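Only one chain is shown below, in structure tokens, and it's the form predicted alone.
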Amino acid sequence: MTQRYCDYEGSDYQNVFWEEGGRAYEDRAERAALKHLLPTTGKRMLELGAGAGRLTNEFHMFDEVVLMDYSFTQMQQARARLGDAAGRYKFIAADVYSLPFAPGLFDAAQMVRVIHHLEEPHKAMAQIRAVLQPNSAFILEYANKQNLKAMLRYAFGKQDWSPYTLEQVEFVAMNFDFHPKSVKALLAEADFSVRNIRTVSHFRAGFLKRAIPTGLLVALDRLASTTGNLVQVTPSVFVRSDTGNNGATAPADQFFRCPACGSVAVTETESSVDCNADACGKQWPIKDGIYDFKTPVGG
């Protein structure tokens, strides 16, 4: 199967969808869930599908934050918004199916509004697990197919697909909804243990957002989200998982690996990350302060 991608290259998603799209409630509700699920301290966070860095300022408890997105231009926007913060941030354009990081590099990772664009999420979960150390945290948000609106639409014959079956559903091209049980199975398969669940966006309806002040809606959502460990019927669900005692920890002198061949024998220069493996030799350019692991040169 040819790998399909949802590419936001050249998109003004941050401005059009978030800042001008009437989604202040969703943004604040997601931040509230993150604040509840995040570790209180940490060394190095990996933000997968970071986009223009909408949520990055929530990771203030980490010494270093690595932002990664499939789109190079999204990383350009994130860098313009955040700056380099005296080297605290790294900006990476890369593929979640082939992460360019040494095994056991991070002690936390989060992926919000990304898995619903992944056709083969089990491959991404395995990659993410490999770059996390023992006793690390992973926060995953997914689009829930068993949400109240979908159940009502199915009951009244307004949609063909069932919200109760376990398979993911592609409701529009490269946009997938997942059943809560299938997400738990995905995490378990990748050797993650679920610790906490928060349901989010209980009141995602235009008439409610127009009629009720955003702050009140967010407060109600925060209260309702505490039921997430019992039932998940919201359009968005946040899951905090941990890695347990298993896994590797990257040596201090290892950061990147070659995403083409997997070798950690790489050298970083001012302009590129070079793979030193004899059978590979690819060079991954650094442009405008962004590591581009999508478009190698040479090798």
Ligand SMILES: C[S@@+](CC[C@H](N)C(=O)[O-])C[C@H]1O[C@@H](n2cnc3c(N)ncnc32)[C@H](O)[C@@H]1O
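Since the model is a prediction, treat every value here as computed from it, not as a measurement. A residue's number is simply how far along the shown sequence it sits, counting from 1.
This protein has a second form, the form predicted together with this ligand, left out of what is shown; the following refers to that one.
K.L.:
Is this ligand close enough to C6, A94 and H116 in the predicted complex that each of the three has a heavy atom within 4.5 Å of it?
P.N.:
Affirmative, all three are within 4.5 Å.
K.L.:
Based on heavy atom distances of at most 4.5 Å to this ligand in the predicted complex, which listed stretch, 181-189, 132-140, 107-115, 150-158, is the contact stretch?
P.N.:
Result for this chain: 107-115.
K.L.:
Heavy atom within 4.5 Å of this ligand in the predicted complex: which of L55, C261, V264, A248 fits that? Just give me the one.
P.N.:
That would be L55.
K.L.:
If you check S71, S201, N144, Q77 against this ligand in the predicted complex, which one has a heavy atom within 4.5 Å?
P.N.:
That would be S71.
K.L.:
Consider V237 of the chain shown here, and say whether it contacts this ligand in the predicted complex, taking contact as heavy atoms within 4.5 Å.
P.N.:
Although this ligand is absent here, V237 would stay clear of it in the predicted complex, with no heavy atoms inside 4.5 Å.
K.L.:
Does A29 make contact with this ligand in the predicted complex, using a 4.5 Å heavy atom cut-off?
P.N.:
A29: no, not in contact with this ligand in the predicted complex.
K.L.:
Since only the chain is shown here, I'm wondering whether A50 would be in contact with this ligand in the predicted complex (any heavy atom pair within 4.5 Å).
P.N.:
Yes - in the predicted complex, heavy atoms of A50 and this ligand come within 4.5 Å of each other.
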